[in-house]
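In structure tokens, the next block holds one chain alone, the form predicted alone.
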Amino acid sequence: MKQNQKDRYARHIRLSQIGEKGQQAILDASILVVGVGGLGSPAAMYLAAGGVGKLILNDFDIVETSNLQRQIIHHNHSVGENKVDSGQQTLEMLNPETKVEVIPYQLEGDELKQTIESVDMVLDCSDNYPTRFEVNRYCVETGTILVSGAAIRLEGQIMNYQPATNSACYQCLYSQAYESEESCEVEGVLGPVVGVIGTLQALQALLILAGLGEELVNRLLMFDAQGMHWQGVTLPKNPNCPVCSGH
């Protein structure tokens, strides 16, 4: 580790749970962030600030004025730009040492699977169930760690899938046929709620990379912002899960 890196990440290195070894693991890591919106904004910013070596940003959408209430990686001058390009600019200003690659279209099928297979971890910051299910399936198939977050209205949730622990996957939480019309566009969302969940996704990612962070294995953490309540629910692996039961 270079001296300038020791200076930048000194507060991480000082932690006995992280140290130079943990920070080096973070520096060597590559992460795919699916969705550069309300969840992906704080997640990507904290990952870059924390020193993750390579981030791949994937989003096909453009920045709209209504995004600025919660998608803090974007700015007024970003309106009309691709979200991944706007996000890349912010991250490169935040930490030039983090390599940022962008994919400005919807990843799916074999290309999504290959991209997932090429990284150490995936953060699912998407806003729809079909994408979440597909990302989860390919993470299971490739044995890639997944940190999944969701938020709407005044509520949020986070869980992770760690193949090395034979943990439950996202599909264990829902049936294969689960569909929902819920969206932030229709239902609304309080800006800091997605900030809380996205930040927790980054926190989980950094802990896992440093050799910690098994606290959310087989566990769903839910947040009620109105009552300021947290609830952890045990999520056992479904032996009949159509995605992970054979892995």
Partner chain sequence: MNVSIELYASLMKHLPPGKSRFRRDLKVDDGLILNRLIEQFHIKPEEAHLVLINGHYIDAEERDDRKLAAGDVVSIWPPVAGG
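This structure is a prediction, so every number in the text was calculated from the model and none was measured. Residue numbers count along the first chain shown, from 1.
The same protein also exists as the form predicted in complex with the partner chain; that form is not shown, yet it is the one meant from here on.
- Although the partner is absent here, Glu155 lies within 4.5 Å of the partner chain in the predicted bound form, judged by heavy atoms.
- Although the partner is absent here, Thr165 lies well away from the partner chain in the predicted bound form, with no heavy atom inside 4.5 Å.
- When contacts are judged by a 4.5 Å heavy atom cut-off, Lys21 does not count as touching the partner chain in the predicted bound form.
- Under a 4.5 angstroms non-hydrogen atom cutoff, the partner chain in the predicted bound form has Ala151 among its neighbouring residues.
- This chain is displayed alone, yet in the predicted bound form one of Ile62, Leu27, Leu220, Leu190 has a heavy atom within 4.5 Å of the partner chain; that residue is Leu220.
- In plain terms, the part of the chain that comes close to the partner chain in the predicted bound form, with a heavy atom within 4.5 Å, is 165 to 173 out of 165 to 173, 97 to 105, 110 to 118, 84 to 92.
- Residues of 18 to 42 placing a heavy atom within 4.5 Å of the partner chain in the predicted bound form, in sequence order: Gly37, Gly38, Leu39.
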